[in-house]
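Below you will find one chain, with nothing else, as structure tokens; this is the form predicted on its own, and questions on how it binds or moves follow later.
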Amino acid sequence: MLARLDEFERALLALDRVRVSELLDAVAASQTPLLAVESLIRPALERIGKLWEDNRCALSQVYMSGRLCEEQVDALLGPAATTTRVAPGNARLALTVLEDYHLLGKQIVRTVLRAAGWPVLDYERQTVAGLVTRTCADEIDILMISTLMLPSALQVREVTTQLREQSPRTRVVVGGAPFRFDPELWKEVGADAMGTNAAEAVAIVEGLAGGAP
């Protein structure tokens, strides 16, 4: 599997769409689509993010690798369907990418949550100021933030600080490579919970909202 991961990473950096699809299809043939995403796409993009932090690849390669993988995830998991179910206690959920150019992690979480019946607002990419403003305006109960790069993860501290003052009802859940690499980072930035993969997101939301939809 390591050799395949190495090859998948090279195909992404080379923007070889055909080879990316071939390698992912080969893994998906023997696993569930979500496991294929978690075992191949996620670690490859984390590696590429680390290459960028070490100045060993261009930001454009990070961005385009993410876009290629977004296409593959949509093909594997299907587009996220809108649900009209109501969350327990009318809890309002939103998810976003904070000051980062990598949307894939957020999209996977969105797909898994909606498949489990959770209505969720997708804020796409946000700055700190924009995210706090929108979260308060929408009266969000659970805000899920995905990051790939460490500088973006550290910005969560400013979000949680402002939300404590302006929207104390909001619980913040974080995920992404920086929080997996440093298991204590989510506490340092003031988050209420941290998920290591998309599947955990459902259990975390159920715990914070008080049950399944």
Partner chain sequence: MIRNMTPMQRIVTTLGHRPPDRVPFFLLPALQGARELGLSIREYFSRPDHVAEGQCRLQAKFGHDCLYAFYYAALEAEAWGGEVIFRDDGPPNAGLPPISDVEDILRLTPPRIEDSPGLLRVLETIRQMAARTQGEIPIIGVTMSPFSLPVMQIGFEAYLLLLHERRDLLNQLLGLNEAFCVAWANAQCAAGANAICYFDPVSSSTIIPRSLYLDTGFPCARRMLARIPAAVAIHLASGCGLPIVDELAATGAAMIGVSSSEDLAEFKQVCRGKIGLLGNLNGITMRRWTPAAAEAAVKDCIAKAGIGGGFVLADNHGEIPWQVPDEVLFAIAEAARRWGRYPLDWLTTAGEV
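Remember, it's a predicted structure, so these values are computed and weren't measured experimentally. Numbering follows the first chain given and starts at 1. The term rigid core refers to the maximal set of C-alpha atoms that superpose within 1.5 Å between the two forms.
Below, we refer to the form predicted together with the partner chain, which is not included among the displayed structures.
In short, of 142 to 150, 22 to 30, 165 to 173, 35 to 43 it is 142 to 150 that has heavy atoms within 4.5 Å of the partner chain in the model of the complex.
Taking the partner from elsewhere, every residue among Ala58, Gln107 and Leu154 has a non-hydrogen atom within 4.5 angstroms of the partner chain in the model of the complex. Put simply, Asp182 is close to the partner chain in the model of the complex: some heavy atom of it is within 4.5 Å.
When the partner chain is considered in the model of the complex, Lys187 lies well away from it, no heavy atom lying within 4.5 Å. Not displayed here, the partner chain is approached by Arg67 to within 4.5 Å at the level of heavy atoms in the model of the complex.
In the model of the complex, Ala203 stays away from the partner chain, with no heavy atom inside 4.5 Å. Shown without its partner, the chain has Trp52 as the single residue in segment 35 to 54 with a non-hydrogen atom within 4.5 angstroms of the partner chain in the model of the complex. Leu13 is among the residues whose C-alpha shifts by 2 Å or more between this form and the one not shown once the rigid core is aligned.
Relative to the superposed core, Ile48 undergoes a C-alpha shift of no less than 2 Å between this form and the one not shown. The Cα shift for Ser167 between this form and the one not shown, taken after rigid core superposition, is smaller than 2 angstroms. In the model of the complex, the CA atoms of Leu150 and Arg67 sit farther apart than in the displayed form, by at least 3 angstroms. In contrast to the form presented, in the model of the complex the C-alpha positions of Ile108 and Arg67 draw closer by 3 Å or more.
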